[in-house]
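Heads up, what comes next is one protein chain in two forms, each shown on its own as structure tokens, labelled structure 1 and structure 2.
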Structure 1
Amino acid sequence: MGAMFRSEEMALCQLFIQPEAAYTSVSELGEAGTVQFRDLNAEVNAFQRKFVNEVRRCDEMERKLRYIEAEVHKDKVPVPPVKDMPRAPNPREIIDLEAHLEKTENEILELSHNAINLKQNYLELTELRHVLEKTEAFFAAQEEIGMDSLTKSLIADETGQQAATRGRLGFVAGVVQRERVPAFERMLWRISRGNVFLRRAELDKPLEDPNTGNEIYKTVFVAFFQGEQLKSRIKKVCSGFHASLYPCPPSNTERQDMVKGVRTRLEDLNMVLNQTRDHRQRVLVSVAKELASWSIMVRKMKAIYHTLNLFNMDVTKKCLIGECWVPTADLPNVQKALADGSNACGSSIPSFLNCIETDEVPPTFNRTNRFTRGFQNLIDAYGVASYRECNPALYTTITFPFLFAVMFGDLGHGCIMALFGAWMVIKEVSLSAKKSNNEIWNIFFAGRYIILLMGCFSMYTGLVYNDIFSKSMNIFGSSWFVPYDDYTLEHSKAFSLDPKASYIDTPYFIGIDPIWQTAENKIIFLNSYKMKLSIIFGVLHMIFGVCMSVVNYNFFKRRYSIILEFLPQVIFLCLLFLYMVFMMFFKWVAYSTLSEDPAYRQGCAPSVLILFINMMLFSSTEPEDDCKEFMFEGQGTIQRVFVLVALCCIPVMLLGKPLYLLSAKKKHVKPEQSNGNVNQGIELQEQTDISEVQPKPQAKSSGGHDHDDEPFSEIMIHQGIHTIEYVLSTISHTASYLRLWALSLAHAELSEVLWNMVLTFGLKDHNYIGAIKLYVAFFFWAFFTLAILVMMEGLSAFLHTLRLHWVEFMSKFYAGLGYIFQPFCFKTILEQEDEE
């Protein structure tokens, strides 16, 4: 947890790497994932960088891998996951991998082309077989009805051989796609003016397209005509409609012989297709075993060359120079990675790392684990913390689920949420391995620890509220008893309990007494109770946020802001709103029905809200008889002093810091000018021992709040804006915490309505019909409980809690003007590409 208190210290380092060791060294750094490289060639075009040809080679290998992967998925061959993550291949292995991918691609391409040609031949033979079989049925039907149109003359008055030849009908046969048949028939009718006799029959089974593998439905047709001119027109129409024409002998014997020959060829071709398919399957299965490893190796290789393009070559062209941000705690790991990279390639000259001083603001890096990552993401969604700024995520791990539970307090609903979170936490290894593409599920799974804590805290607040599915539990016995006799109870619709006669003067052991569940003034009581709780938690939360600013002021050595900003802010907040919290506690403790002083008995307790309003307006309210206006002696004087002191804090917040900075600038003496150090500006310094000297780059400001270097007028404007914002926000933010009361009350009332209007419906009958009703009612009650009370109300409470942290809490000390540390890490790169 110590690492979460503020972001880690960063160092700007220069890397000096020999060209022959550059690839392996960057590969080791990518495996370590601890450095963020800077682009030293920002002005150089991407196509003019040193390793652009290597990047193109990687792109070409990725293209081949995409083609191979598409073919593997096309044949539904399973790709086994990678058990051991392969490392980036060395330069010699790259050549072998490239040649192997080239050979594999060519082999699959050849197999695909051969399969397409064989399937095309199989399709044509299948269509020919269907044409011969269907036309046989056409001719047989003609012979049965005596329509010997092929041998009879069309012109009755012409005789002789010439007339018979002119009157003889010709025909063409083929197949056409089924959806084109209507248009095909209309076109034949138009070109022949009705002189074409068309017979067609649909194929029962679909055929397979050899190119796409999709199913296509076709129809066999035979077109009878007269004359060679009409025949050429019909063939042109068939070509236009992509109809396939096949030869069909007019003789029945010839057709039978041809059908037998086609069936024999189909059987032989089918055997060749099966053998080709089996061979292709064997090739793809062997490729699929290595496909994931090849893909990872190529992506790592490409990432290495992209990173090397960020390096700069020195003037002698014998050394690559790179700059990177490194957490100082990881500097030994970086040096070890550089040494391993040099040893891997057998370089005689070691690579080394040199830490340099800089005024640039480093990136922000908060080291997290599985538990804290979700909370850190909530903070980063508002804004990445400025460098070394106090990190709110550490405190959010407790305050976030607690404030959520104040609004979501129900033992039953909290138990459901906690069980769901616990299931995701217990099964997190197997669930994370599935890598779902469902965005909603990924959000839930990323926040599994947040959900678990929110459920556990909601169970606790539900126990305090004594609320489980809108019902109370009488575990420890009520502190109230009924003093009336049976006759009074039977003849009274309602009766009141006087604390003097019905209360045992010992509160319920924990939480709300269960007797309030049956009281008519339950809502009035809970309203007052939860409203005060929300103000108490809100004021304490805001005071804690203001106090956190002291940590930033002290760390960034702006201790004058502790006196000129923090003290007036915390005094202003405490004298007004913490005093209001004090009045709530004093009222709970001092006033009682058993008090001997009449001024401190029931009915005389003044309203805290009225007292606070009178305090701010310097007014008063006449008390009732035997009662006092104030809670204790001298309260009026104390309140006037508090308000005056709080008002005096405003000019201190407004003018204190600007005037201090103005006086400090006048006392500032410029340093003596010098000609500089002899070694100034030389990059290649003696290697720094990181165990002895570590640079400590500091941000120019305390988390982005500082404007010390600006003119006095700008400082006054900024300070005026901050002062007005703070004074007004103390009021608005305190009122904003009332959402804790509003959502808690709404959740409890909605749960009670759902119980009384849905589940009670199944509890009215005591026979077998009541059992059926109970099953139905319980189904709807459970469904609405999960959908509305747990999910929708839970999401609403989550968003309101997020707002309370972002606006009301973090605005007191958090700037969030940093930029995230994005190290060069193979694991992160592969995960991002898989998500895309």
Structure 2
Amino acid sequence: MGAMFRSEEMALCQLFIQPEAAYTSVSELGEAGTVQFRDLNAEVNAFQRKFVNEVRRCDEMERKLRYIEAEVHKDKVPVPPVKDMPRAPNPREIIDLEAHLEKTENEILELSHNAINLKQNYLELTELRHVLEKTEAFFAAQEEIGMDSLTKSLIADETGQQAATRGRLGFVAGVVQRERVPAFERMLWRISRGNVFLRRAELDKPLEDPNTGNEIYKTVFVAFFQGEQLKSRIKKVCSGFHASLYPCPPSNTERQDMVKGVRTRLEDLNMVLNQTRDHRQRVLVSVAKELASWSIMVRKMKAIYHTLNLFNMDVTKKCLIGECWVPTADLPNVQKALADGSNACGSSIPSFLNCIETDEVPPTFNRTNRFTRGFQNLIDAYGVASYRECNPALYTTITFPFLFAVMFGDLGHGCIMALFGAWMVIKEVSLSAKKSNNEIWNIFFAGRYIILLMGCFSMYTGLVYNDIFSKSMNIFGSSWFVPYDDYTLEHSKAFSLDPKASYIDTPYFIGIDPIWQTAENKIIFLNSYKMKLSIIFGVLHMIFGVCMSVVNYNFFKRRYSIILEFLPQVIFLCLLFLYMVFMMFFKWVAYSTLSEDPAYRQGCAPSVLILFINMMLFSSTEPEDDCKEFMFEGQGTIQRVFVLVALCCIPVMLLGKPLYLLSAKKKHVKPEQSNGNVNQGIELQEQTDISEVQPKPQAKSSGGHDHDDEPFSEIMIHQGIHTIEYVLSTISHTASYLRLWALSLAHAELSEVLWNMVLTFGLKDHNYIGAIKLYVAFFFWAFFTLAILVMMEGLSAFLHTLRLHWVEFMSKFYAGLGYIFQPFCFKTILEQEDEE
């Protein structure tokens, strides 16, 4: 237990693995996800590492998989997700997989190729058919006109040779893109000097381009000309404009036959195209079923080979050596994984695990479950804890929602937040299965336990503040009553309720009495109450933070710091600010309207702030008649003593530790032995019980190490900075906690304004039309409640609570100089690649 109290103990281990068993062992370690490998080949280029060929194979397989995936997506074939994660394939399976992928890729390539060819043919035949059909009209018209203007002028005496003249008028027929037609016409006109006659007809339906699949609109044209030279010129123009020419037989019967032939050929081609499409569909569907699983297997393979590249080869070339950080508690698991790996490939020589000592700082690992992970992330976002430092995330699970709730206190809004959090938590299995790309939803879902707790705590503080959607509840019966008779009530505008006359001497059971919502001085009263509350919580939170440093000093064996740093710090904080908290409580208890002594009536209660300022400045204020300046006998002397002792703490904070270290260094003249060296030993030591594993890496925090080697001036400067920072922060951070009051005031006021301005629109009618107005008003009121009061105020209070934790609480004890433990784990690798 104590998993969250501080980060886990880590051990630096060497793994000695047989080369045959290396792949399976690393596969087992990846499934377990408990070790972080170190790169032993940092100077080596990526292309010079041992397993670079295997990585290339994986890359090739990935490329084929990507191609197949693209084709599958193009045809919109659904890819079913994997049910359970497949393991990394063993060498035999790898060869099978490679062969299968190659075969599938070739098949799909061939199918695509054939499809393109077939479509090309189809396109040509379709265009030919269109040409034949459209040019029907042209030739029919031409025969009617008889081409008198063209022929008669040129060949005036050969009137009988209509057939011959018609034969001499050649034509070309073809298809061109619609956008190019005007330019095409103009070009023909120019090259022929007007001697070419062009007839065209547009095609209504677009044709599909086989390569790209785009749909293009085309136009059929027939160009009539005379002479061979013009024909060649026209052909050149056509090829320039990418117009396809088709041989069109001049006589009608031949055209009809051709049309019939083209039609049958088109039908045949259509059938073949459909069959090809079906075949392609079948292939893709059968591949799609395995696609996700193959993709995961290949990625795992690649990860394993990248990891194996981090290993070193032994001098005798008999085994692979790897270095890794392992949590000490997980050493049995790693042993088991290595044994499994050796068994899986049937190797006779088992693999070894050898723990070595080192001076390096291990990574920080906090074992979290789904509840604590959110809070740990909040702390890690500020800075990862130093190795084996006290983990503030443990306390954050309660202090964070509580401080949030102090700022957000409203039973209704808290209820909404708690319901939202509860829904996410109850449905978390099904919701986490749906992988969403929405960043905001992912953030909310990752913090679902935080939201649930914040909502529940807000419901509690809403009960204490007695605030539900800006109205108060009277559950236990108010402790105040109206003592006036009807005559007074009728003839006066405002009343004041004196507790002597209107209070029944027993307070409301829990929370603020509901009478306050009818009072004009509600805000004045609540201000005083909430401000004092904020200071009380703030001072207690900060004292808790300072006390946390004792645990750290004790663990890292810097006991001198407890006396020279912690003691003056906590004395300073308590004598000044805990005393202020004491004054607040004393004032609440000692002063009352029912008191017999006139110095302790409500008019005589001194301001705590003025008393505090006078205490610090050694001044005093004149009290009013019948009142006393101080709250109790001897307060003046006590205050003076406290201030003087606190001032004496400052030089202790400033000079205590540096002087102690100076004297300690003088005593240890001989140089300190370094604490063990990294054993790059090639000798294969027997790995016996883990309990006998000799010294774990010394948990030297970076602080302790530095102070041994630093010159005195550095230490003095550091200590000076820390002292000034601490002393100033006692006052500034205490005042900073007043944001607890400020935000709860803002929330209450916004809530009240929203009710009074929006919802009362439907509540002020004398007849039943009010119901309709209420129906509409409620809709807007609910919308603004959610948008402004829950979302905006919630985010704002979350941010301020986070700041209070990060700055005011953690600056009192937290170092946060560690680096996070990133184990080799297939699950995280696959998730990261999914996100990309």
Partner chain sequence: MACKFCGPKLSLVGVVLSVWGIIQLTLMGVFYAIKSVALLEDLPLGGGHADINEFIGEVETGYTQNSHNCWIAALLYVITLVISGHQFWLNNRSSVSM
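Residue indices: 1-based, along structure 1. Quick caveat: nothing in here was measured; it's all calculated off a predicted structure. Whichever C-alpha set is largest while still superposing within 1.5 Å between the two forms counts as the rigid core.
Student: Only one of these is the form predicted alone, so let me know which.
Tutor: Comparing the pair, one sees that structure 1 is the form predicted alone and the remaining one is not.
Student: Where the C-alphas stop fitting one rigid part and start fitting the other between structure 1 and structure 2, you find the hinge. Which of L125, V283, E725, I523 is it?
Tutor: Looking at L125, V283, E725, I523, only one falls at a hinge: V283.
Student: Please work out, using C-alpha superpositions, how far the smaller rigid part turns between structure 1 and structure 2, and give the answer in whole degrees.
Tutor: Rotation between the two rigid parts between structure 1 and structure 2 amounts to 7 degrees.
Student: Using a rigid core fit, what is the CA shift at V262 between structure 1 and structure 2, in angstrom?
Tutor: Spelling it out: core superposed, C-alpha of V262 shifted, distance 3.5 Å.
Student: Taking the rigid core as the frame, how far in Å does the Cα of F241 move between structure 1 and structure 2?
Tutor: With the rigid core fitted, the alpha carbon of F241 is displaced 4.8 Å between structure 1 and structure 2.
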